[in-house]
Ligand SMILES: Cc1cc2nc3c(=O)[nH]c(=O)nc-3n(C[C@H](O)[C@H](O)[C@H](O)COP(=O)(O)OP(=O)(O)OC[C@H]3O[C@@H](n4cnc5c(N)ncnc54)[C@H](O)[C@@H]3O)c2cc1C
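Only one chain is shown below, in structure tokens, and it's the form predicted alone.
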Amino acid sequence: MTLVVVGASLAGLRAVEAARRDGYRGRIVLIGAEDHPPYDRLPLSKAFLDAEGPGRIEPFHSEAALRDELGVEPVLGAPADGLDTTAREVAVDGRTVSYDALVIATGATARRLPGSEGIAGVHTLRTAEDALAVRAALDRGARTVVIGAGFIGSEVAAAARKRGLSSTIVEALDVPLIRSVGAEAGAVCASLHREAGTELWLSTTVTGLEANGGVVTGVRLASGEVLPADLVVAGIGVVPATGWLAGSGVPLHERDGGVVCDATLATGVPGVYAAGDVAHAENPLFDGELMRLEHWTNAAEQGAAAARHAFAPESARALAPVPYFWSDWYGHRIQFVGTPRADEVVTAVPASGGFTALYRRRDRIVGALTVDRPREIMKYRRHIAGRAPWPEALAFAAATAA
């Protein structure tokens, strides 16, 4: 029997580790588009960008350790480019790899800024190479312009300000992160940027780049203004890496092309499961809502579960996780649990500092965001997991706000 994991990502690695931990001794092939063995992407926009941050990006396991300790056949530096679910074969780099069980963990690729091809100093931040390039520019004292006020871009802006460098964010919407956390919490996030000295341009469209000798010098706005820049980071979202699945019969989401699966991560195609950033999975805790989450904890949990379910589908259980993520900006810790899709959002500024937003759907709490209140967020997570009634969540918030 052969397990093939496509995607040398955190989800892919956790699938491999779970298979071995659960006693599987058969063949495992791990296919990855990057040259590197799996590494942790989480620090790339956080500690790694600090002037005193780590000097290099270390993999979870070396390629030799993957082979010798986990018994994995790594196929790195070449993306999968096709899937035949009838023959049960993955095409990669001019050959095919047969599978009995397949875990799709290819993640997502960053959207690039139109017209940025061939211009030095313009980057996304998704891979180790991206992070090295952004950090090198910050080391040179780059004037930084971030396009898109999402979490990754905001962390880049915060890293620039921490070094005392100029930092500007350009956002097309009138409130940052409105789709991720809602208007109320998004407005608080905007205030964090402004208080830290980051220039924030909202309701603003980028129309192009200025360059001299093939090197970026500025960002051109719809108003005609040009923002000077030595470093431009595009934080304009990602696209699930599923082009290789075209025509395979694996169901893909009509909006973004991510893999659609049920709450056990099964795609409906025999032997094929999906995990991590690439997967739209049903979540029974939130009324069966399809969720595609770009969170570290989600990738780790789903990767392990996908491998277990691929080997024992008869005992697969539905996953009902409470999503969780965190982000550090300008010395502030932002944490979120649950979903922002709510009927009502209630906010509070506790006397002891920080900020709290609670999200109600019908008669229960489904989400919570806190700023600088780390002791509370996991308690809200338990409230959400237990389907706590809304009045109970409000009472807890009132008790901790004093």
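Start at 1 and count along the sequence shown; that's the residue number. None of these values were measured; they are calculated from a predicted model.
The same protein also exists as the form predicted together with the ligand; that form is not shown, yet it is the one meant from here on.
The ligand in the predicted bound form is approached by Ile31, whose closest heavy atom lies within 4.5 angstroms of it.
For the chain shown alone, Trp244 is a contact residue for the ligand in the predicted bound form, at least one non-hydrogen atom being within 4.5 angstroms. The ligand in the predicted bound form comes within 4.5 Å of a heavy atom belonging to Leu44. Using a 4.5 angstroms threshold between heavy atoms, Thr106 counts as touching the ligand in the predicted bound form.
Judged against the ligand in the predicted bound form with a 4.5 angstroms heavy atom cut-off, the residues Val6, Gly12 and Ala78 are in contact without exception. In terms of contact with the ligand in the predicted bound form, the residue from Glu282, Glu155, Asp230, Glu301 that brings a heavy atom within 4.5 Å is Glu155.
Though the ligand is absent from this view, in the predicted bound form it lies within 4.5 Å of a heavy atom of just one residue from Trp201, Tyr330, Tyr324, Phe286, which is Tyr324. In short, of 121-129, 169-177, 253-261, 203-211 it is 121-129 that has heavy atoms within 4.5 Å of the ligand in the predicted bound form.
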